[in-house]
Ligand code: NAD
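Before any questions on how it binds or moves, here is one chain, the form predicted on its own, in structure tokens.
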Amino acid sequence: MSKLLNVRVLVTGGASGIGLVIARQLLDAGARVHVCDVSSDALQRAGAELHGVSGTLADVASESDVERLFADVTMQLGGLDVLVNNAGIAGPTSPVEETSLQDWRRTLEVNLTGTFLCTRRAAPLLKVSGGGAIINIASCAARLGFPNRSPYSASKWGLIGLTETWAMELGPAGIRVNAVLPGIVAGERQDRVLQSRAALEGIDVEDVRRQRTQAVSLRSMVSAEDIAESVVFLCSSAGRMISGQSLSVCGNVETLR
């Protein structure tokens, strides 16, 4: 319980899915946690489930929403020690020639611009705190090609570039910046991705699931808890000398074809 006692953490997209599990494990480790989400219903459920968590309704792709979010963070937590850039969307599943500019822009706005906007506001707070950590939730698609997922892949590769750049830029201020690269994470979001892929290829969704699992060395999907445990580790003193790294938590995904 004392691993992250009173450490002040913002988890974006933290009211559902992987973000909710990250928020829960941070709370269990003793942290004080604020989350944001685009769903008011999800925020309400998270508030009821996670004792002590505070939240803001915000779209990280909106500069004005991010300004309001950080005003709430300052009011609720009194500062910041850790930022977890988790908010993201899957984007379309389609060949490049059938991908709309609207879908391309929205995916990059949430996954990449949203991370930039939140980090831009978090950096001064982390410096005032004397250092801290930023963890970007990327994807194993940030180290592999991902056919029919151009916007998503581009955004996640971009996060790796930002992670390595910010690690160098913010390191002198004692701020560690790392990326966690989830593999095929079991859950509702993955189910939707598999269904989209099955529809695109005209095959059964269970066939797609088997194909994906066979492409993992450990022949298994990972859980949201696996991702959250890695985040807690990187936030803690055990990760105090780790920065600029991309940690794949994926069972070794060999291909995303």
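Residue positions are given as counts along the sequence shown, with the first one as 1. None of these values were measured; they are calculated from a predicted model.
There is another form of the same protein, the form predicted together with the ligand; it is not shown, and what comes next is about it.
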The ligand: the contacting residue among 122, 112, 89, 167 in the predicted complex [heavy atom, 4.5 Å]: 89
Stretch in contact, per heavy atom within 4.5 angstroms of the ligand in the predicted complex, of 96-104, 70-78, 170-178, 138-146: 138-146
Whether 13, 185 and 190 all lie within 4.5 angstroms of the ligand in the predicted complex by heavy atom: yes
4.5 angstroms heavy atom contact with the ligand in the predicted complex for residue 232: no
Close approach of residue 228 to the ligand in the predicted complex, 4.5 Å, heavy atom: no
Contact of residue 213 with the ligand in the predicted complex (heavy atom, 4.5 Å): no
Touches the ligand in the predicted complex: residue 59 (any heavy atom, 4.5 Å): yes
Contacts with the ligand in the predicted complex, stretch 147-182 (heavy atom within 4.5 Å): 152, 156, 182
